[in-house]
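The chain that follows stands alone, in the form predicted alone, written as structure tokens.
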Amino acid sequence: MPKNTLLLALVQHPCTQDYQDNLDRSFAGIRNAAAKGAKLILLQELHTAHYFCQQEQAAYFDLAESIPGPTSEQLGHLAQELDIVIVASLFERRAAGLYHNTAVVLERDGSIAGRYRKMHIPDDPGYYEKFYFSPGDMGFTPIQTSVGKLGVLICWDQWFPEAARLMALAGAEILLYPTAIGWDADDDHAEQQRQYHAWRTVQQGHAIANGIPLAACNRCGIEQADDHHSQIQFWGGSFVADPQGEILAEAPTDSAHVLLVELDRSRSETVRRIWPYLRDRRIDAYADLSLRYRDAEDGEKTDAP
């Protein structure tokens, strides 16, 4: 089978409360990657702002913008100038009082190829996203681009195998996760490492179970809430895994980095021929996956008369 490659880049950097400074960092990383031949560039979650979800504060809704809007238009111009596809994560203002955490994909001609609204919204100490974001309503639909069919998901989505599977079943050729995840300062080193390795391992599992490559671009640096009651040390560690879960490349945990990876796009076909998970799925037996939980009193189901 002839080799078909794609040079992918992930742009990891810390964020401040200065929109223009954050955008400049992202743009510098994009230009760096494009100069080295990257054709698909993935940015981290909410890359134009500090992580405001550490606290609930209505004033932060002012950070949201429409799509199309100022940031997506600037990204579109850059995509057209550099002849690349960009995947960016923005705080979307859909209507008054209705906001989403949205990934937008800019095509090489500067147009919007599509968008994805984050489906799984966390509500945990330091991650009060349910206050800001409505759950996505666009489903798990890959976005067709000139560099392939992209299965774009966002951060908390990366823990759910159902999301990855549905993207793969709809034809996604790669899974892409803009991410903002880090450590609680109160956790000891051992617990921090358990969390980090769990985060990476579950995503390697998605790549393996679906036979497609996966890229996660995470922010780095320490960000403190305005009220100074909490802070998060974002652990960076952006990485790319191949269809068998092998880590092809990873970024450092503590500094800005542009990660470049050449993907062999024929690899998925080869892997799926020897590990035919899609062929062997028992779709006749998975109805209970639509339940929140199967309680014991529901009884044991049986095919017996």
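What you see is a predicted model; the values in this text were computed from it and never measured. For every residue, the number given is its place in the sequence shown, counted from 1.
One more form of this protein exists, namely the form predicted together with another copy of the chain; it is left out here, but the text below deals with it.
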property: Within 4.5 Å of another copy of the chain in the model of the complex, all of Ile121, Gln244 and Leu291 (non-hydrogen atom); result: yes
property: Option from 54-62, 32-40, 267-275, 250-258 whose residues, in the model of the complex, bring a heavy atom within 4.5 Å of another copy of the chain; result: 267-275
property: Leu214: touches another copy of the chain in the model of the complex, heavy atom cutoff 4.5 angstroms; result: no
property: Proximity of Gln231 to another copy of the chain in the model of the complex, heavy atoms at 4.5 Å; result: no
property: Contact label in the model of the complex: Glu223 to another copy of the chain, heavy atom within 4.5 Å; result: no
property: Exercise: Glu162 in contact with another copy of the chain in the model of the complex, heavy atom 4.5 Å; result: yes
property: Contact residue in the model of the complex, from Glu191, Glu73, Asp184, Asp83 (heavy atom within 4.5 Å of another copy of the chain); result: Glu191
property: Residues of 182-204 having any heavy atom within 4.5 Å of another copy of the chain in the model of the complex, listed in sequence order; result: Glu191, Arg194, Gln195, Ala198, Thr201, Val202, Gln204
